[in-house]
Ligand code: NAP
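Below you'll find only one chain, the form predicted on its own, shown as structure tokens.
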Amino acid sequence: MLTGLHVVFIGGDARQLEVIQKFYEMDATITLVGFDQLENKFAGVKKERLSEQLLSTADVILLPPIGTDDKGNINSVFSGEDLQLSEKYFKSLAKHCSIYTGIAKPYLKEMCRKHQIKFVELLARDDVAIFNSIPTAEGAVMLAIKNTDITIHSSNCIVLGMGRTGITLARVLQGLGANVQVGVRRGEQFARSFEMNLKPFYSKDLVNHVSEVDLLFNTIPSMIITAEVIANMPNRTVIIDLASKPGGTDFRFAEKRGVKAMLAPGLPGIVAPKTAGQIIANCVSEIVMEDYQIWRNAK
């Protein structure tokens, strides 16, 4: 239980509701910021506006999966007001306060470093990323089905990147009967792909492997699907770029060439917000519980 721990939630989407529920069940003291348009179903949970006084009492701050943009703005689908975590708020935080988010962009990292605030990037953890790869893969398949007139079965698919998302996606496509090639960068990834009965190639040679591709999925957050690559693929190809913005695709040239290409980061929160929220909730509650024991002993 987290009795006596003050947790402040600042912004978020439907995923954050699962995290709130988890901390509510663990008896934390909860304050919601940026949830003014949400019906409050949690007895004893307060809604307040963002203020230095409020944050000075926080032991834990939970931000959305994409914490802030490069100016400190926070997305909140349940608020009619803009939220900005400017530097004055970091100054007001107690030294023991910790910030949890999915991904911390440079602004948030710099503010935490400057004011010596501990922050945790949940999506950088292997356990969260692997769990999260499941709704990501399902969402990618959903987009593929919606945007093609062929079955996944027997289609020619390429997955770029054999990280946590790439492995799950390649396995799902393979299970649906697709012919799956995977673009890898390192020898151990090549070997693992071969062991999985996939068809590996080195991503630097991508241009030589796209002449018959139906579906091209990218998980690499750097420019890899270049104009040269797009020029060598059929017009029927659909590109689904799962990398974080701005993705790894030359979208301008794809449009000029008549190739359908879409940037689709954050699929878990779109296709399965409840599951994605539960993944975050389970992970962050475990970490906070560990820190809570230290915090309580220190008091």
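Just count from 1 along the sequence shown to find any residue number. What you see is a predicted model, and the numbers here were worked out from it, not measured in a lab.
The discussion below concerns the form predicted together with this ligand, not included here.
S.K.: If contact means a heavy atom within 4.5 Å, which one of 58-66, 267-275, 231-239, 43-51 is the stretch that engages this ligand in the model of the complex?
M.R.: Residues of 267-275 come within 4.5 Å of the partner.
S.K.: Closest heavy atom of A144 to this ligand in the model of the complex, within 4.5 Å or not?
M.R.: Output for A144 is no: heavy atoms all beyond 4.5 Å of this ligand.
S.K.: Can you work out whether G72 and this ligand are in contact in the model of the complex, taking contact to mean some heavy atom pair no more than 4.5 Å apart?
M.R.: Looking in the model of the complex, residue contacts with this ligand do not include G72, since no heavy atom lies within 4.5 Å.
S.K.: At 4.5 Å between heavy atoms, is Q189 in contact with this ligand in the model of the complex?
M.R.: Taking the distances in the model of the complex, the answer for Q189 is yes, it comes within 4.5 Å of this ligand.
S.K.: Can L108 be called a contact residue for this ligand in the model of the complex at 4.5 Å between heavy atoms?
M.R.: The answer is no: L108 has no heavy atom within 4.5 Å of this ligand.
S.K.: Though this ligand is not shown, can you say which of I117, I220, A178, V213 has a heavy atom within 4.5 Å of it in the model of the complex?
M.R.: Checking each option against this ligand in the model of the complex, the one that comes within 4.5 Å is I220.
S.K.: Since the partner is left out here, which residues of 140-171 would have a heavy atom within 4.5 Å of this ligand in the model of the complex?
M.R.: Heavy-atom contacts within 4.5 Å come from G161, M162, G163, R164, T165, G166.
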